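A single chain, nothing else alongside it, follows as C-alpha cells in the form predicted on its own.
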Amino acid sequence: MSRPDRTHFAPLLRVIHWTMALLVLAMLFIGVGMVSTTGPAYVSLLALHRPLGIAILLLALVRLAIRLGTGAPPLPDDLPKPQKLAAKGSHGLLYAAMIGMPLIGWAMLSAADDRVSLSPSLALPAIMPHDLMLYWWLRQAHTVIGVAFFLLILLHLAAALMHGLIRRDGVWQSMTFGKIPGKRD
C-alpha cells in the first residue's frame, strides 16, 4: 500500500528497519563464523545465533504489521515500471526471508530433537517432529536461503545507494530521518 501524501515511512518502522539491519548483518557474520569453525567458538556463536534469529523473526512480524497498517511513501513517478515492480518484489522477498529463515532454523532444530534456547532457563517448543531426514532438508534450505538472502541484501543496499547517491530522488531519505529536498512531510 502506498500513501501519496507521505514522504517518509512511519518513524517506528524506520527504527525497526535500522535495528533489524544491524541484527541481520550480525546474524550473517555469525552464521558464516559458525559454518567455518568446529572449535570452541562454535558453541558461543550458536548460543548467539538462535536467540538473534527469534528476535529477527519477532521484529519482522511487528515490522510487517506496521508496514501494512501505515503504508509507504510512493516511489518516484519517473522510476521505470520494471524498477517499481522489482522494488516491490524484492521487498516481498526480504520479508519472506526475514520471517522464513528463523522459522526454518527453528523447524530444523526441532527435527534434530534440539531446542531454540533463548536463555539458560527458557527454550522454545518444537514446531516439527523429530526426523533426521527432515532435519537434513531443512538444513539445506536454511543454507540456500541464507545465501540468497545475503545476495538480496546486497541488491537492496545497491538500490538504496543508487537512490541516495545517484538519483537523489528521496527514496533513501524516506527510510532515514533526513529531510527530502523540496518536499514537506
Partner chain sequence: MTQRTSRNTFLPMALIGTIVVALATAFAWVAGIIGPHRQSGGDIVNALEANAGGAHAGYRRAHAKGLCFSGSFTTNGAGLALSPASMFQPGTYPVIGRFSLGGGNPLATDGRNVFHAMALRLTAPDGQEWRMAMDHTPIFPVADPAAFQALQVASTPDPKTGKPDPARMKTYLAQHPETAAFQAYIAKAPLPASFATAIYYSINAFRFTNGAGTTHLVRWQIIPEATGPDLDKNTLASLPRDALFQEMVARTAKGPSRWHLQLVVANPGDVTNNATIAWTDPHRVIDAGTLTVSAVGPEEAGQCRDLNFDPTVLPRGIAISDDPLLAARSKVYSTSFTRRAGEHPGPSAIGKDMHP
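Quick caveat: nothing in here was measured; it's all calculated off a predicted structure. Numbering follows the first chain given and starts at 1.
Omitted from view is the form predicted in complex with its partner chain, to which the following refers.
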item	value
Partner proximity in the model of the complex: Leu22 to its partner chain, non-hydrogen atom cutoff 4.5 Å	no
Its partner chain contact in the model of the complex: Leu28, any heavy atom under 4.5 Å	yes
Heavy atom of Leu132 within 4.5 Å of its partner chain in the model of the complex	yes
Gln140 within 4.5 Å of its partner chain in the model of the complex, heavy atoms	yes
Residues within 4.5 Å of its partner chain in the model of the complex, restricted to 97 to 114 and counted by heavy atom	Ala112, Asp113, Asp114
